[in-house]
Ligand SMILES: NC(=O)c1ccc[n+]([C@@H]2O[C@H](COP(=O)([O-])OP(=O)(O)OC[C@H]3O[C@@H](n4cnc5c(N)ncnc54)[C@H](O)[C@@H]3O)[C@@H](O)[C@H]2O)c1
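Taking the form predicted alone, here's one chain by itself in structure tokens.
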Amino acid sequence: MTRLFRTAIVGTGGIAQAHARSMSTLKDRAQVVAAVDIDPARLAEFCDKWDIANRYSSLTELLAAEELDVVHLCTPPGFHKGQAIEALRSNVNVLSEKPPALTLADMDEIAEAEAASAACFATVFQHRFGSGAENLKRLMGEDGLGRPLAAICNTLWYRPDSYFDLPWRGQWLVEGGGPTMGHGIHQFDLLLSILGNWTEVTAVAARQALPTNTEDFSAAIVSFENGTVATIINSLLAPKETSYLRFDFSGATVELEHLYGYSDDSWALTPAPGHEDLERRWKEGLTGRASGHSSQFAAIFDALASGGVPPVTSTESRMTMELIAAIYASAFTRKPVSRGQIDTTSPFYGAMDGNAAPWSDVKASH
């Protein structure tokens, strides 16, 4: 008999709806047995909608009362580290929404708690799990695409001023950063999962228009161990919204264009002359699985069922977080930053802005 995993959702705001919806498609694998929120009315509405029986006002209360396999952290970013450590100390696996923490120092504290726990920490990076991304990695592994040469990773989104009415949005101390931290992270995490270790970044960041004390735009040039050079743009200033990734290999160009999630139809492969067979091989490898929370949750339950480590691991998450810190460090020091350079002595280790953003810490005026 297949084991039914017991999970709980902590925080019942907007992203929790996506978690509950995705979990409802996996009822043969897992059950959401409880939810947590400090707002009793919001908690009741959420639990009634998703038929969740047990309701708690704190994570501490939840962990004391329930036997759990996984907690989903759907709270604002500033809460993730403390809640993750508390759950890990109770030997409960943690699945955290992005960003998994506010700083590299926080990530290392989570990793320390994980090392002392029987449980694991994972981050929601659901774009890794669609069949398009897996097909691309398969062809790369077969050496069918040739050498990766260049890449583009654009997150061009739009957010009105009203989006930042929530007090934790657009603030270094409670959100950790702007679109580089909280929006583009999904696209360039996918980029890193395809291309591997990055080595150096040169970047700029600006606060162009929005009422935040974080950036609302950044651009970076990133070099990789395999020789690929990529450009990454993260913006909340684009009325024509798109999420776009492009990989130029010696044998083909592979493109992905979507907004918040992709299907197989979102991908395109253009072969180089003499490599026309790649089109057939590409199409044969697609299985119709879209990116999304459901795809990652299924992979997590597969890993737990086999005694493995749930994806995406804390080590993989830290690689993505280190790139974010390096983008900010390069932008605010106006110097290239190498992987590993931001150590415990760096001001960017304990604060993504390194207390060095070239604008004031008050909200922009209009």
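All residue numbers refer to positions in the sequence shown, first residue = 1. The structure presented is a predicted model; accordingly, all values stated were derived computationally and were not measured.
Just so it is clear, the following notes concern the form predicted in complex with the named molecule, a form of the same protein that is not shown.
Taking the partner from elsewhere, Val36 is found to have a heavy atom lying within 4.5 Å of the named molecule in the predicted complex.
None of the heavy atoms of Pro347 is located within 4.5 Å of the named molecule in the predicted complex. When the named molecule is considered in the predicted complex, Phe79 lines it closely, a heavy atom lying within 4.5 Å. For Ser294, no non-hydrogen atom is located within 4.5 Å of the named molecule in the predicted complex, even though that partner is not displayed. Think of it this way: in the predicted complex, the named molecule has a heavy atom of just one of Ile15, Ile342, Ala351, Ala357 within 4.5 Å, and the residue is Ile15.
Think of it this way: in the predicted complex, the named molecule has a heavy atom of just one of Leu195, Ile85, Val124, Leu136 within 4.5 Å, and the residue is Val124. Heavy atoms within 4.5 Å of the named molecule in the predicted complex are found in one stretch of 93 to 101, 274 to 282, 195 to 203, 212 to 220, which is 93 to 101. Looking at 166 to 182, the residues that come within 4.5 Å of the named molecule in the predicted complex, counting any heavy atom, are Leu166, Trp168, Arg169.
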